[in-house]
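The chain below stands alone, shown as structure tokens; this is the form predicted on its own.
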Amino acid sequence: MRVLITGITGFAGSHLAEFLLTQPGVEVYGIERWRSKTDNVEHIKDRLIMHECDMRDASSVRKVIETVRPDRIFHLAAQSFVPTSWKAPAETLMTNIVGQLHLFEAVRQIGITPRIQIAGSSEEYGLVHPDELPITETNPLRPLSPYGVSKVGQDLLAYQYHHSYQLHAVRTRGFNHTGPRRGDVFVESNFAQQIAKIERGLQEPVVKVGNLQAKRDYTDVRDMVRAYWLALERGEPGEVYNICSGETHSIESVLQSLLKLSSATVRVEPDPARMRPSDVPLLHGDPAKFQRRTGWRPEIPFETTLRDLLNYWRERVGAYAERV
């Protein structure tokens, strides 16, 4: 089975690649841009078949699809950081929606019929009223950021191509997922990085924070990518599924949990630069539909996820400290 991962060098993409390499009879292909950092897959790169491609270039995408002719595609490539979407909304829309359009058109024009997973986001739901919790797949989509709008566009484009061209597309709306290799621009990973630096004496004992009141539904990334696989194994084409734990944690409680894993004594200070023009106050998902269809359940406790994340940053910061 030829499996192509767009965004393989990213956070979820690298964990998905690791998971797929444990599956018998699977060849793992990946798309990388010429300037992509490959640190996340360096330890497995000799077992991957990589192709240089920019999803925003239609001819580039078609060339890769024609060469690989994949049986399955996990479409994870995206501009995935919400604050960046405020600063670069046009680039976010272009990369996420038009990039996916190029993928669909390449598959359609070449005439192959792979199963395709579209990695959507809980940010599609955006503004959720208290009487709409927990969030099911039928909840209205009220995105509150350009990133959220772009993911709605990807979601509905997949729906349209399934009905118009019988594309075997399964849409997933992943809620927050984290773990080792999570980018330092994301809140819980940034906290862990700051704590690791403080422990090493590379930062004054102050953790800078943004909005601590928001609540998020967290899943370990290693459980998330297992769900992606099951989405194409057992999911119904054309359907959409929430992937989440069904449990929420405030950003403040996440910070306190990380601090409890450290012996460092720190102050917590708000940083205006970390505040967004608008923020989704609560994302609490209902995974029942996906669980009924696939039997998936999250297996890794959140405490383990945070410990692994902090230890990842301790290793990274420690390696940096030894170099300097």
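The first residue of the sequence shown is number 1, and the count goes up from there. Treat the numbers as computed from the prediction; the structure is a model and nothing was measured.
Not pictured, yet referred to below: the form predicted together with a small molecule.
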Which residue, 234, 200, 142, 208, has a heavy atom that falls within 4.5 Å of the small molecule in the model of the complex?
208
Of 106, 230, 128, 187, the only residue with a heavy atom within 4.5 Å of the small molecule in the model of the complex is 187
Heavy atoms within 4.5 Å of the small molecule in the model of the complex: does residue 123 have any?
yes
Contact label in the model of the complex: residue 280 to the small molecule, heavy atom within 4.5 Å
yes
Is residue 241 close enough to touch the small molecule in the model of the complex, meaning at least one heavy atom pair within 4.5 Å?
no
Under a 4.5 Å heavy atom criterion, is residue 80 part of the interface with the small molecule in the model of the complex?
yes
Since the partner isn't included here, can you check whether the small molecule sits close to all of 33, 74 and 181 in the model of the complex (heavy atom within 4.5 Å for each)?
no
For the small molecule in the model of the complex, the stretch among 108-116, 173-181, 134-142, 87-95 with residues bearing a heavy atom within 4.5 Å is 173-181
